[in-house]
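In structure tokens, the next block holds one chain alone, the form predicted on its own.
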């Protein structure tokens, strides 16, 4: 075969990068659809309905599941968020302080409370604190204990978020404020922190979603019937009725709050990206 014959042979063309992506996407769709069909065909829908979708049991939960359980869950979450936000702000400023011991204490706090499971913090607040300080009552009873427990946990995460937001503000803002006669503290409160909060609002809202779910740990503090949150409320009714429908209803009530909040977070993140562009 001569060199001329070789040059005249057509070159074999493989799939382009776009075609490979389309093929990969098509395979993934086929696998997903096959998995859904397999689940739909093999699942025992009658038993699932009997265990998780009893309409008469679900009706018994209303309106208490909203006026009592969901209300308590929201109160626990908001109180923990407020405590965590205030404490987190203090820890973040300590983390940024020029005083060495402040930075060290803030770092130790963040590492400890980010490393410990939230369940241990609840047990510590509910058991260890009364043993260490006998005769001392936490204000607010169960609501106060939950606010402190959730606040201690969330403050460690919020502190790092707030610190990152403050450091994301251009240093020229502080220099401009100082040139106008602002003290460092006044410049931080009036100029830097408001700008930082516009940056960190999406992650703070995401932290609120996480706290809403962590509020289910309140059951380890020992609550009365009037202090039950969604998870405890659903579990109690599930054990009473020997059916899992109350747990499903409680889960749907969680989604009624978490899904809109997640949507708000995504909207704020998209707006922040558009502002950067």
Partner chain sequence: MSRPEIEVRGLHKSFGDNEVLRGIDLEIGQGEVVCVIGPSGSGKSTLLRCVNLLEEPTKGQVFVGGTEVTDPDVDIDAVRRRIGMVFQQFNLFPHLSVTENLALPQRRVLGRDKATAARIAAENLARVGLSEKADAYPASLSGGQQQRVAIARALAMGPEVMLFDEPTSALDPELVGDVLAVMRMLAREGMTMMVVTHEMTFAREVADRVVFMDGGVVVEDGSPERVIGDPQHERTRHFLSRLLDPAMAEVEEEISDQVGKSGP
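Quick caveat: nothing in here was measured; it's all calculated off a predicted structure. Positions refer to the first chain, counted from 1.
The protein also exists as the form predicted together with the partner chain; that form is not presented, and the subsequent description refers to it.
Undergrad: Under a 4.5 angstroms heavy atom criterion, identify the one residue in 191, 110, 200, 94 near the partner chain in the model of the complex.
TA: Selected option: 191.
Undergrad: Taking heavy atoms only, is residue 180 within 4.5 angstroms of the partner chain in the model of the complex?
TA: Yes.
Undergrad: Considering non-hydrogen atoms and a 4.5 Å limit, does the partner chain approach residue 167 in the model of the complex?
TA: Contact check for residue 167: no, nothing within 4.5 Å of the partner chain in the model of the complex.
Undergrad: Using a 4.5 Å heavy atom cut-off, state whether residue 186 contacts the partner chain in the model of the complex.
TA: Within the cut-off, so yes.
Undergrad: In the model of the complex, is there a heavy atom of the partner chain that lies within 4.5 Å of any heavy atom of residue 176, even though the partner is absent here?
TA: Residue-level check for residue 176: yes, a contact with the partner chain.
Undergrad: At 4.5 Å between heavy atoms, only one of the stretches 167 to 175, 144 to 152, 128 to 136, 77 to 85 reaches the partner chain in the model of the complex; which one is it?
TA: After filtering at 4.5 Å, what remains is 167 to 175.
Undergrad: Within 129 to 151, which residues have a heavy atom closer than or equal to 4.5 Å from the partner chain in the model of the complex?
TA: The stretch does not touch the partner at all.
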